[in-house]
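Quick setup: one chain, the form predicted on its own, written in structure tokens, and binding and motion questions come after.
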């Protein structure tokens, strides 16, 4: 397992065609394209001066928001299908020392003070275990952060720090059964092969509550949409935590530790926290909670118009507007559309249900007139949670599920 050195990374101002990630196997050759990124309206002024479209091997052009570590957003057009193809899936890293991993020597160490035994599982062992497939949205916790008002620090994501895929692998609870879980265990710690470029940067280590680790839908995936995981999406294996934001979906998984005490470290506290009581979430991470903040967990109900961009021109008459809706796993009940600024609402048609963790397609036929046509969308899940009309501000820019509205020019 080799790691990319800091000198292999070049700044985002390199000329077109320069290598971004050095020349090592799967991570080679990111090309900066001449076309400017078509950014989400409302992102900070000046972002367009350095954000470009760029291509990494195995990927179609993505919106390059940062290259060290690599953070690449999917353009709106890539989110028009309920299953996001592997080569169109976004890329999110916290650390820039990204490994190249040989599946033949890959191992996951399983143990911890909350386990009865210690074990190592290699890639062949993993693939021999009974496997399940889960269709689930992987969404960065900071998706839409760039739309926060006032703006907040962090990667200025627009709409595309997410995608939905079919993930396949064994259940995490079956892996934990190999070492046995003590009665006093409360969390399961996770680490991956990617690391910090300098010693002072904290390693990206996370944990999930034991009950979530034992959930039948929490898996260690080695396949994505019927193919091996792309390297920059976690090859050879990553954790899949359906319904929860992507911070827990550990890539290049190398360590699974059953814990009898809460996991510490920067990436659990102060990072990835939200104010207590601000959001209508039901999945709480009690062992990591304090009087002021709690770890972000489940995704809030949300929707996105994918067929059109704000300001698009349309012909007067019947125009089909469609998109995707999703939530933390309760399932989408309805999607409603307003064409009069929220005064009245019409129920949109829902497409195929691929599972409660998946994108749910929706469509609406707009009778467009000459001039401006506004479209506002609001999704509601099966426990009655809906999107918000105004941003619930928080310093990290998480959980932005403000109802999207666009104007189409007839």
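Residue numbers count along the first chain shown, from 1. Please read these numbers as outputs of a predicted model, since none were measured by experiment.
One more form of this protein should be noted, the form predicted in complex with a small molecule, which is absent from this view; the next part is about it.
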Testing 335-343, 285-293, 317-325, 137-145 against the small molecule in the predicted bound form with a 4.5 Å heavy atom criterion leaves exactly one stretch, namely 137-145
Exactly one of 171, 212, 251, 308 comes within 4.5 Å of the small molecule in the predicted bound form through a heavy atom, and that residue is 251
With the partner omitted here, the residue among 258, 179, 91, 300 that in the predicted bound form has a heavy atom within 4.5 Å of the small molecule is 91
Look up in the predicted bound form whether residue 192 has a non-hydrogen atom within 4.5 angstroms of the small molecule, and give yes or no.
yes
| residue 158 near the small molecule in the predicted bound form, any heavy atom under 4.5 Å? | no
Q) So in the predicted bound form, does residue 272 come within 4.5 Å of the small molecule, heavy atom to heavy atom? A) yes
### Query
Does the small molecule get within 4.5 angstroms of any non-hydrogen atom of residue 263 in the predicted bound form?
no
Item to check | Every residue of 233, 238 and 246 near the small molecule in the predicted bound form, heavy atom within 4.5 Å | outcome: yes
